[in-house]
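Have a look below at one chain only, the form predicted alone, in structure tokens format.
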Amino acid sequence: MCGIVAYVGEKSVDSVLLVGLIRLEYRGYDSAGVAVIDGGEIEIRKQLGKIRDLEEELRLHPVSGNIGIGHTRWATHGEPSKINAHPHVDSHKKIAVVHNGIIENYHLLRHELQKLGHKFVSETDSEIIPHLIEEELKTASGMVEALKNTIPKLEGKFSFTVIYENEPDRIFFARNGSPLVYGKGKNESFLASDVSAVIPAAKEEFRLDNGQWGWVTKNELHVFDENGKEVDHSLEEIKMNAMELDKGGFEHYMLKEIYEQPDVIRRIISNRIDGSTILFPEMALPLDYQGRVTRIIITSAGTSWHAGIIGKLYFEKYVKIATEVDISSEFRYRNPIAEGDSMVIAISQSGETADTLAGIHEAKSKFCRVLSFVNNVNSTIARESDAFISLMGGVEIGVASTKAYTAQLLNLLLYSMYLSSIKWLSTPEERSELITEIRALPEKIETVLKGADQIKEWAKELKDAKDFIFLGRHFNHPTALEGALKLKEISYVHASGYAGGEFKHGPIALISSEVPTVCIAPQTEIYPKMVSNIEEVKARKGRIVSIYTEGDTKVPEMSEFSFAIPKTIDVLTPILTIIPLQLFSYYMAVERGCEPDQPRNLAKSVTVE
């Protein structure tokens, strides 16, 4: 969840690190810092708060040099504070470390080191690392041997980078679970949690695997495996470009990414559909295995979990396969009953979600094959699955997922149709009818986006509400869950999502004129049931905000606020109904003075369990 960037080259390191850290802001953080070898000595600058606070610290107390490491911290062990901020150093301030992940045995290691005379100043698990290296250097021949001996003592998932005064032209690193990528430029080398931090300067990359460690200079990369054997590696051209990281004239990344959804859907259609044939060329599972699948288990977290619930409905409707959906953090602990013909589907925007990755390992331990749906095809989840499907959503910077969610929905729908063709459960004509409706989606999304000003006005009138209820049924029950989550995480307003049929089983007690109820009521087969829910709210003098199908007159007449979406078939309504709710959460955040792209306490990639 933290962000790491490291640099060695010919440029002024402080400016390079600051640019890299700004590029990693989307991951979420509460403090930031850098360590630089300046005039042969390590200089540390760090601050609680935003990177602009670190930038001011560097203005007041500048550093110079050509090698250094930087970090944005999201607190796990120890409260957010300047002392707990990274980088951390050893007893003599000759070793500096920035670390992502959790050292699970740090209590034991800390106790052992304290007995040897080491003094700790922070509450973090990360401070263990420079002290362990310091202790190993007492007997090791140099940093390489010390690092080799340190890594096996660390339990947990982590990545870290290290600079050492006595070897001022090298950055050392290790990776075990948390992402770390090497970037190569002209006479310069980078290490980062995400390649977005180092473009456009870096032109080539090498993504480190679990258990790998080593060191870099401005022109060299040396990688070793767990046994200390040097690993052959080859660099790949970086495909991402700097334009993808630009806001494109929008005030926030989140708003830009909401507006990118028509193009995302077009890209998926262009790459996945050929006539009545659905294509997944990157997906490596054998056809005979897919034809034998008798059970699907979906494991995911947060927004991806909501997509998974809709995916369950797709698989059961089109493929007639019993499908379960598990929250990733619960899946691995319930000892799931699974067998060879059960397929586990993991869904993750980042491809680095720690809980989902742990679920993959649990599934593979039971000899299940794993198919992952990921936006980052070079991610750990993609590499450790038996096969993956690219979401094709493009780079998503905003912490609150928007375009990745609709990309997940469409890819899940298309994959359900793909499976139905393998199992001879659908005809080309049936698939063509659905594809015709899918091809109309981009224009329909653009129609929804044209109504953004109407939703902005809602936010102005509702910004002081303390609680919201979201109601939906069938395909739009998960939309209610997702709409409530977006509002909570971006505008800090409490919201709860419910299935409409559960409304009378408790939540209806919350209805009052102070609690707006968002009713997702497109004209689907369960439309009359949602109308009944709206009547129940109206009878109790609740404020009704509704999403309805254009042409419907009943729902808007019953609502204080209402927004029309274009007519579409039932299975596609979640792709349209979520977009006004994404816009609503965004404008609520803006009206309430919240930061949509960097909501408090949240991180884009949850890389710790």
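From 1 onward, residues are counted along the sequence shown. All of these numbers come straight from a predicted model, not from anything done at the bench.
Keep in mind that the form predicted together with a small molecule is not shown, yet the notes after this line are about it.
Contact check for L17, A96 and T161: none of the three has a heavy atom within 4.5 Å of the small molecule in the model of the complex. Comment: the small molecule is not present in this chain, but in the model of the complex one of L485, I102, L208, V537 has a heavy atom within 4.5 Å of it, namely L485. This chain appears without its partner; in the model of the complex, the one residue of A301, V319, A382, I296 with a heavy atom within 4.5 Å of the small molecule is A301.
Contact annotation for S178: none of its heavy atoms lies within 4.5 Å of the small molecule in the model of the complex. In the model of the complex, the small molecule sits within 4.5 Å of a heavy atom belonging to E489.
For the chain shown alone, V264 is not a contact residue for the small molecule in the model of the complex, no non-hydrogen atom being within 4.5 angstroms. Looking at T406, you'd find every heavy atom of it more than 4.5 angstroms from the small molecule in the model of the complex.
Only one of 397-405, 153-161, 420-428, 311-319 places residue heavy atoms within 4.5 angstroms of the small molecule in the model of the complex, namely 397-405.
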